[in-house]
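In the block that follows, a single chain appears as structure tokens, in the form predicted on its own.
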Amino acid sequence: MRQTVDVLIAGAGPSGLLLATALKKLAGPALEVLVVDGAAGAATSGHRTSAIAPAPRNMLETLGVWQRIADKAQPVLRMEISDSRLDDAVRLPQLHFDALGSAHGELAHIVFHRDLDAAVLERALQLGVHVRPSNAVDFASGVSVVCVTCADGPEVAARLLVSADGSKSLLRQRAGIKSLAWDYERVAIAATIGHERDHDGVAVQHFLEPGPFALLPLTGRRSSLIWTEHPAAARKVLELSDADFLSEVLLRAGHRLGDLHLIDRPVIFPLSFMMARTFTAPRFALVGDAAHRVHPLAGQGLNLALRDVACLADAIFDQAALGLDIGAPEVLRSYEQMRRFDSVVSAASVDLLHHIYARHGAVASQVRRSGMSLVDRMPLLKRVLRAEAMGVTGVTPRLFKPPQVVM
């Protein structure tokens, strides 16, 4: 028999499960929410990390997720950025961002994907979100419902279908939504590094010729390494012994953290850009990587996804509170207006930064260094850039406000 729900979310990653959690937290039993994903509940492997800005962290706290990962999240108190060559004897940062003077006390928190995934799933189930281990493979939108075909057979009727199934979203293709996409011809090498000295909450990013090389602070004397390389060079890096790999890291990072040791063997993942031409179709919406994928150099991928979640939750809840159709065109139009322009501007800005820093040569490097030094001497501009990165600019969705304001 066909199952009927209010909202069906395809994808049990953080975006999908957080949207489900938000809807149940805001509306309670008034909304029946189903998440479908063939990999639902599977343990997240690897050691990839993300930065969570203060405003999205407010949402996690309101939803009861942050309390489950707070002791595993490392605050970033300072960011140091430099542009340099691999053979430079000294890499002095040209640009700094400090948490001092910020009402939040930190620039961001660094968390492991695996910790966030587990916490969100636990909280979603606790609030009554139904999770079905199957994949949504097709759908047909009608006047009042959307009928979703799942891989395990039984069809589901929902008032709204949300695609949170990643940058290669099958449902986005089924909806006929085109996207603008390209490959950066770079990959990121990710690893967890232990070190002799404390990092003091400082995140470091060196822009080298292949791309950014970052060490992001983790709890304890550990850091998350994100190292951008050409694919062929990255494959050679993976073949190195632990000692040789750490020697290459020291060559790029310097000795500020003392002796290093490898906690997790490195893995690689491709870097690409994708932006959907529209975020909605009849009774259908995109969130997270299904709507946009950006270069990780600014650490905004997850934060953009969480803003999608917060804005769509606002649009749905406001309609549900009035007893109106949550899949109506005005709901989707409201979400599109809140997210489309902001996402394009954010993604284009990060893409522009990538292309600026991808230019080689002494002249290009000197121009970049001079530009960063100039920005570093402009406190007002730095405050604006810091506020944007922290997610506290523009229209603030309900869940991005401090928990005491939301509740």
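Note that residue numbering follows the sequence shown and begins at 1. The shown structure was predicted, so the numbers you read here are calculated from the model rather than taken from an experiment.
Just so you know, the form predicted in complex with a small molecule exists too; it's not on screen, but the next bit is about it.
Should R48 be classed as touching the small molecule in the model of the complex when contacts are defined as heavy atoms within 4.5 Å?
-> So R48 counts as contacting the small molecule.
Quick one: does A158 come within 4.5 Å of the small molecule in the model of the complex, counting heavy atoms only?
-> No - in the model of the complex, heavy atoms of A158 and the small molecule never come within 4.5 Å of each other.
Determine whether any heavy atom of A164 comes within 4.5 Å of a heavy atom of the small molecule in the model of the complex, and answer yes or no.
-> Contact check for A164: yes, within 4.5 Å of the small molecule in the model of the complex.
Give a yes/no on whether P14 approaches the small molecule to within 4.5 Å in the model of the complex, heavy atoms considered.
-> Output for P14 is yes: heavy atoms within 4.5 Å of the small molecule.
Contact residue in the model of the complex, chosen from T192, S82, T280, N135 - any heavy atom within 4.5 Å of the small molecule | None of the other options qualify; the answer is N135.
Partner-contacting position among Q205, Q74, S179, N303 - heavy atom within 4.5 Å of the small molecule in the model of the complex = Selected residue: N303.
Residues in which of 324-332, 135-143, 311-319, 229-237 have heavy atoms within 4.5 Å of the small molecule in the model of the complex?
-> Of the options given, it is 135-143.
Does the small molecule come within 4.5 Å of a heavy atom in each of L34, F112 and V129 in the model of the complex?
-> Judged in the model of the complex, none of L34, F112 and V129 sits within 4.5 Å of the small molecule.
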